[in-house]
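One chain comes next, on its own, written out as structure tokens in the form predicted alone.
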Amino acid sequence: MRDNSYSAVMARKNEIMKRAVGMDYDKFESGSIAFDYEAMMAATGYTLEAVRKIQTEEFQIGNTPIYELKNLTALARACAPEGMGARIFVKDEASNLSGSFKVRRAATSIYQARKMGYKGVISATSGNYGAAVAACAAKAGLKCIVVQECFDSKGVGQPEIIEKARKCEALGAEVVQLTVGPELFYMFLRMLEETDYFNASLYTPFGIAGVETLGYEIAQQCRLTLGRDPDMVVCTNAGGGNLTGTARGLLKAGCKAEVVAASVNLSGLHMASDHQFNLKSFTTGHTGFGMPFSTWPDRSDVPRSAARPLRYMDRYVTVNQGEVFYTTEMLAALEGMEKGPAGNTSLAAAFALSQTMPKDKIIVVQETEYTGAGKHVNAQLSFARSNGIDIHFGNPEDEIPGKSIILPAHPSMIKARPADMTHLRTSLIHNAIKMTGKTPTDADIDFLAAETKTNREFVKEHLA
């Protein structure tokens, strides 16, 4: 009989994870702060071409189209100074199985689980990833459990999260819905231990390797249709896997486009707060995940996260809730494309950034997602209004997360606000020392330079 108390289960987490992923993370450790990230990524045993073959032949995903948003580009140019207004393109990942880019992450994990003989898979997610895992598990003939952080303590759940639960169930998954708090990880560990299922985590090397095909396709498609690489690729950033995988794929294609992270500003709201859980109108792609996971990636559900966004991002910008809702409606009204909120976070940022770039430049928004009843703008705004959130048109600069959602009175008011990259990089260095309790070695300094996309001098300066 196992001791299933909270403390006992948490004490067994590394043992549980090792059995559930089939990967020995210890072999990549240095005994200090550093670990061999590239060796961990290579340990999947899959090349980029192998992953592409798995995705297209086994799961019929990938090779999604890229569209030029000509009307949005024209509007951006109308708001921009003379000669400015880069062309805006979007990679339509909503045309994938399950309706989002996350099926790329799921396919590699599910393929690996079946290859290793697991009978089923478990994923802890309140987002599109659950539907992606359920869809791929259905195709692979594996059982699937999706664990959701769904409700506050009063049993009230966000429309967008409820929508995703319905989609997971429709695709054959068993959905376990929990209240916000530490019980999510505890129950996730217990189910992994009791079922001996594969941990289809967002943060394994298998998942990140799956997203590399997205970045690779962007480079290849731009070269084929435009005769050149994009100048900028904008990625919605939450846990960091979207940006990490896309950037790695771009690099593998030899593309050196500027990689920009974009998140919805939810500053002041705590993601684990029962009271504040339903005061946010975005369940992913926001700063409540984006900032903490950027500055300490290993807060994830595996010993070492393969999502390391600060290794790859050149800039980090934020947009406000009202701006994303407005952009969602703008995309539908001007381009005839009705998409969910996650991809429209990066689209809102791209619309603003376009106005700062010459007309001959190219921006690619690297994903869209499906929309549905609970993910629709009206559902989320109605839910916000029922929770006492003030919703009106005005200046988005006046928006206060948890208190107001301000739709811009004019599209020129949509802004991409720069985050302090030096502060983020310094925070990662400080967190590495705090969380490991180690004094940095010479090898650690090299590792931290790679982690922050800087150099040894930067790391030494901020260690001092």
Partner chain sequence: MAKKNDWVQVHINVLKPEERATNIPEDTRHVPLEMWVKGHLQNETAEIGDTVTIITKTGRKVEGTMCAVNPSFKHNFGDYVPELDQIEETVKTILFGGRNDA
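Nothing here was measured: the structure is a model prediction, and the numbers come from that model. Residue numbers count along the first chain shown, from 1.
What comes next is about the form predicted in complex with its partner chain, which is not displayed.
Here the marked residues V233, A257 and D442 all miss its partner chain in the model of the complex; none has a heavy atom within 4.5 angstroms. Residue contact check for L224: none of its heavy atoms lie within 4.5 Å of its partner chain in the model of the complex. Not displayed here, its partner chain is approached by Y197 to within 4.5 Å at the level of heavy atoms in the model of the complex. Interface residue remark: T356 is not counted as part of the site for its partner chain in the model of the complex, having no heavy atom within 4.5 Å. Its partner chain is not shown here, and in the model of the complex it never comes within 4.5 Å of any heavy atom of P292. Annotated contact segment (heavy atom within 4.5 Å of its partner chain in the model of the complex): 402-410, selected among 58-66, 402-410, 31-39, 427-435.
For the options K115, R385, R299, R228, the one in contact with its partner chain in the model of the complex, meaning a heavy atom within 4.5 Å, is R385. In summary, among the residues I389, A379, A80, A253, the only one with a non-hydrogen atom within 4.5 Å of its partner chain in the model of the complex is A379.
Contact residues in stretch 327-353 (any heavy atom within 4.5 Å of its partner chain, taken in the model of the complex) are E329, M330, A333, L334.
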